[in-house]
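First, one chain by itself: the form predicted on its own, in structure tokens.
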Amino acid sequence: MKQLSECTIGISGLGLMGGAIAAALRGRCGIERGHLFACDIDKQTLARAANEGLIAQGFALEAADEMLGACDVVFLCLNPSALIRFAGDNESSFKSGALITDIAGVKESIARRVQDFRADIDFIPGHPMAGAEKGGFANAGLCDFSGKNYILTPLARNKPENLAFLKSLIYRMGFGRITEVSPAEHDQKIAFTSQLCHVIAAALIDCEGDTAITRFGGGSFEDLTRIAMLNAPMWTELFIENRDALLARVSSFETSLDALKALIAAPDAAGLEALLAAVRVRREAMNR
């Protein structure tokens, strides 16, 4: 792999995360405009990014091969199904020796697809744990990477020097911690820390029809439901793609909810207080 300053980087999918990554590469990593390209289905977004000086050139989807053939590093910022389709359709177009990574919220299906990728390109699956409730390139500025977590699920075929390069780049983009796990462990844990949280937020909003109830909000409601303003197509795909792990987490949550409900209904003040105290201790331990 070349020195970062000599690399040409391409981003496929210039939405919220693609735009935020482009901004981090330019603003934090010192990537010059002439070394940063993007490919997207939305030509207006590409034109805006070029006019703002963020990228050197935007490529329409049908011209993706032209961009990929010039890039030493490629970020695939697409939903899982679109990512797999794009990678498969363009496998022959990637530059020999290129390092490719992705940002998808599920990893097993991605890992299966790229395990048998061309031997002369290196695909390292990843998942930045950052985002914003409002999607699209126009809101990329709301996505702050500072101190956030980044998950990598390296494959046996990945080259150690490419993994080291990618980790260095991730830290320079502002992320504070990188965790390496298997694709299976990623999907099992992300079902709890991300997907279950979105399910709960969606259910909480779904169970109340009074849109003026926010007048009674004091912070708790806002904190719990911010992520209910989600990208419906993307989260539908993530929920279904990881449904076995997610359904197991939903069932576990329902068990805990039933236990709380029973203590409140009893009413068992001592039991409820003990449970809440135990929850507080566990949550504090999670900060360590």
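Residue numbers here begin at 1 and follow the sequence given. Predicted, not measured: the structure shown is a model, and the values here were computed from it.
Just so it is clear, the following notes concern the form predicted together with a further copy of the same chain, a form of the same protein that is not shown.
- Contact annotation for Asp120: none of its heavy atoms lies within 4.5 Å of a further copy of the same chain in the predicted complex.
- Taking the partner from elsewhere, Leu46 is found to have every heavy atom lying beyond 4.5 Å of a further copy of the same chain in the predicted complex.
- In the predicted complex, a further copy of the same chain lies within 4.5 Å of some heavy atom of Glu185.
- In the predicted complex, at least one heavy atom of Met229 sits within 4.5 Å of a heavy atom of a further copy of the same chain.
- The putative spot formed by Cys207, Val250 and Ser256 is fully lined by a further copy of the same chain in the predicted complex; each residue has a non-hydrogen atom within 4.5 angstroms of it.
- Segments offered: 67 to 75, 174 to 182, 154 to 162, 108 to 116. Contacting a further copy of the same chain in the predicted complex at heavy atom distances within 4.5 Å is 174 to 182.
- Looking at 241 to 273, the residues that come within 4.5 Å of a further copy of the same chain in the predicted complex, counting any heavy atom, are Arg243, Leu246, Leu247, Arg249, Val250, Ser252, Phe253, Glu254, Ser256, Leu257, Asp258, Leu260, Lys261, Ile264, Ala265, Pro267, Asp268, Ala269, Leu272, Glu273.
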